[in-house]
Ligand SMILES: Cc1ncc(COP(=O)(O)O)c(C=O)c1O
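The chain below stands alone, shown as structure tokens; this is the form predicted alone.
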């Protein structure tokens, strides 16, 4: 499964560079063009085959082209692809989300996770009448101005000062953001205690990228937000229906006021959701809250029926007995391969995350937050990732997504690729 570039892919890369900034969609390495996917495998335009641990950045938990999802989508296509008005599949999907997710009394659909997070923060402001948002350094919440504060700062300033990660963001946005280190309970309590009457919402990935919450951390956030009347938002775009059917709030036993969902709920199609407690979600209903507290939200493709039927079928399959056990077992196998080969070669490392979603960090120190991840050996990390790609394993530099489509053969090929990647590392 070694990879190479031939004229077909190179031609597409050169064409893309002429018509797209930086030659791509802005999401991933523009030096590869994917032709197709099936199960846990993908092929690029030169026919190079990979075991896929990117899986569309998480949505394809069942693998590519799952026949039951394809059948459901094909049936909907003949009935219409979008209506703007309500549709039965979208209503049924909202019902299933409310059944599955602890905080979800009601659901409002959008098309992307970034939209969902943007509206969730705005919802906190509408509900409380306050302006400030507290987030955690290194936490990813989409592309809004608020979300692009201290996502991946290269300059590490004294917290809670926010650092914009993009041009085009007014200083006034930075002034309304408070940044805290993930997993630091004392810092979070102190910051909320000082600014509690100004903070509209605290937004957090309960599993931040691949860093799990420390014992008591999410519980402390819940307690402080309740005490100060702050809306607690769990960004479960990634963890929703992945780490458990009810998401991270089921896994960790902490219920937020609002959570955002994406990726898996659309079954590989553009769909995301804001969910939450009825009193908070009421701000989407002008008849209930009046003009001053009403949060306007429209989207041409929100609740799209094709995405809704794909999401419904995906969730139906995930509810079947043994699915999560299979998913986690595959992840534990890959984690074990990485640990075994790196230990044998004497490379210090930590695997951070959950069996369904994780990554290796080349450090022997605990990984509890963004700055701990930065302390890892980035040169060795880059060598490892590049060698995996050369040996037929496709993933992002920051995450390893596990899918239910992985077979024993896929896992064996992955183990062989990891062994070769470890050989490529500098001592």
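Numbering follows the first chain given and starts at 1. Everything numeric here is computed off the predicted structure, so don't read it as measured data.
Just so it is clear, the following notes concern the form predicted together with the named molecule, a form of the same protein that is not shown.
Going by heavy atoms within 4.5 Å, which of 312-320, 223-231, 72-80, 133-141 lines up against the named molecule in the predicted bound form? Partner-contacting stretch among the options: 133-141.
4.5 Å heavy atom contact with the named molecule in the predicted bound form for all of 104, 255 and 257: Zero of three within 4.5 Å in the predicted bound form.
Quick one: is residue 114 in contact with the named molecule in the predicted bound form, heavy atoms, 4.5 Å cut-off? Residue 114: contacts the named molecule in the predicted bound form.
With the partner left out of view, is residue 354 within 4.5 angstroms of the named molecule in the predicted bound form by any non-hydrogen atom? Result no; residue 354 lies far from the named molecule in the predicted bound form.
Within a 4.5 Å heavy atom cut-off, is residue 242 in contact with the named molecule in the predicted bound form? Result no; residue 242 lies far from the named molecule in the predicted bound form.
Residue-level contact is defined here as any heavy atom of the residue lying within 4.5 Å of the named molecule in the predicted bound form; does residue 127 satisfy this criterion? Although the named molecule is absent here, residue 127 would stay clear of it in the predicted bound form, with no heavy atoms inside 4.5 Å.
Quick check on this chain: which one of 238, 93, 110, 121 has a heavy atom within 4.5 Å of the named molecule in the predicted bound form? Flagged contact: 238.
Among 35, 399, 371, 390, which has at least one heavy atom within 4.5 Å of the named molecule in the predicted bound form? By the 4.5 Å heavy-atom cutoff, the listed residue in contact is 399.
Could you list the residues in 355-387 that come within 4.5 Å of the named molecule in the predicted bound form, counting only heavy atoms and keeping sequence order? If the 4.5 Å heavy-atom criterion is applied to the named molecule in the predicted bound form, 355-387 yields nothing.
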